[in-house]
Ligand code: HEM
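One chain comes next, on its own, written out as structure tokens in the form predicted alone.
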Amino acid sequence: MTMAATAGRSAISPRAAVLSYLAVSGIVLLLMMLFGLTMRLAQAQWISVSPDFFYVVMTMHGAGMVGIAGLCSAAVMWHFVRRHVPVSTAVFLTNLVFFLIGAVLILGSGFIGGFGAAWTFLFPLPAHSMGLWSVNAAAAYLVGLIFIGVGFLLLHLDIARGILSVYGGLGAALGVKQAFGLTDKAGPPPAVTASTMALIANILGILVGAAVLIISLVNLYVPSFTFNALAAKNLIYYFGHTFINVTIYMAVIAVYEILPIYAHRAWKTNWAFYLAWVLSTVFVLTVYTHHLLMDFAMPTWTLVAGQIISWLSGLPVLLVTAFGTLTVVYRSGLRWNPAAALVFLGVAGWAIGVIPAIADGTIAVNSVMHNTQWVPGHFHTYLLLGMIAMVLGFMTYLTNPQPRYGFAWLGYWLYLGGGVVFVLAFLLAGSVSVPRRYAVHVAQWLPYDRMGSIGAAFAIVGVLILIVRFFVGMRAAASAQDPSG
């Protein structure tokens, strides 16, 4: 069943709306990558950056990357789910407007107001700046996050409306009956199942995030209004970890949709596929506690649960996706091009990045490794070489599905080579206990910093090439026939 967007009509076509998302994403992604390179160069002592400014850049980089990961993966999800359910282009564009407003507020809070409390804004740190930023700067940051959250909430609610109108319930769209063998009927398409999981997790996470953001805002202007700091940390990580995790589950739709086109094979679903998505829906909402393994005040049972769920969380969907990817590609006669190679790389980067993540989710390892560069090593692996690779593949596929690929291949290899060196520098540094979030590094740590800086530079050039190529192809892509109907 193919369905056009029938609700909330917009003067902008659905395809142009998706391209707008990706254009903004490309620009912001490059900017955030440059922020990351700035930090690595400063740690390598190749440039001089004051510690105060370093933490501003770190905060902007973290918040910006989480936000842009959500935006570009939402574009992937919306583009493909609208083939199956009615969704509103106007709501989709409203999310983009809210994101831009939030981004301006967040960037202003840092580069004008000096806010540098990290993207996690742990309560009550925003209100205790030691004179480094004002109350208004902290408020601008929190309000910016609220704008972004409200935009995504509207988007997910609209997709939920469309899914309910076609499938009658979220359980049916998730494939619960197929997962447990309760029906012989064919299950929903992968794009619908993945979108359902994403909206369940993100709606709950955003509502929790809104609560703790409002609490923090009130505390800024009414200091006598206090809240348990450990409870606030739980709420923040429930919101933040869920949001960043869900970006991968939205972006993976590109794998399900794009690889079969080039391999000339359908992506086959079965009970195991749907069971994996049902289990991951539960896991993604409960795995955040592995960020609290070093908080001795947490109840012991929550930490034990956090460890066990950390071992299990990423595996169900990853396993069925990795197996499905190999099945689609194996002996298919696929003629590799950068779009196919990028989404294939995304699965590999996701799978490899989960390994050090599972290690860090083990209490005995976490107590030694969590405050080291091992942590940015694992999440940069499955975000930079996983989720972002899927999105770059989607961008390449959209702007020139049957192209001359030479320029894009150059971008691909620079991105892959630089990205591998970049994440290895983090992991190697973490293995020898180089701490994370330090603005100033001692001489013994500099080789890892310099290795990471070189890798980051090559990766940025590769991404720049792919994004420039996307902008060059945008006009033709906007006028191309939309396969969504």
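So that there is no doubt, residue numbering starts at 1 and follows the sequence shown. Bear in mind the structure is a predicted one, so any value in this text is a computation, not a measurement.
Same protein, other form: the form predicted in complex with protoporphyrin IX containing FE (HEM), not shown, and the subject of what follows.
- Site annotation in the predicted complex: the residue of 28, 66, 56, 429 reaching within 4.5 Å of protoporphyrin IX containing FE (HEM) with a heavy atom is 66.
- The listed set 407, 271, 379, 227 contains one residue whose heavy atoms approach protoporphyrin IX containing FE (HEM) in the predicted complex to within 4.5 Å, identified as 379.
- Exactly one of the stretches 291 to 299, 207 to 215, 392 to 400, 369 to 377 approaches protoporphyrin IX containing FE (HEM) in the predicted complex with heavy atoms within 4.5 Å, and it is 369 to 377.
- Although protoporphyrin IX containing FE (HEM) is omitted here, in the predicted complex none of 73, 75 and 328 has a heavy atom within 4.5 Å of it.
- Although the partner is absent from this view, residue 172 stays clear of protoporphyrin IX containing FE (HEM) in the predicted complex, with no non-hydrogen atom inside 4.5 angstroms.
- When contacts are judged by a 4.5 Å heavy atom cut-off, residue 387 counts as touching protoporphyrin IX containing FE (HEM) in the predicted complex.
- When protoporphyrin IX containing FE (HEM) is considered in the predicted complex, residue 456 lines it closely, a heavy atom lying within 4.5 Å.
- Proximity of residue 383 to protoporphyrin IX containing FE (HEM) in the predicted complex: non-hydrogen atoms within 4.5 Å are present.
- Interface residues of 93 to 126, taken as those with a heavy atom within 4.5 Å of protoporphyrin IX containing FE (HEM) in the predicted complex (partner not displayed): 118, 119, in sequence order.
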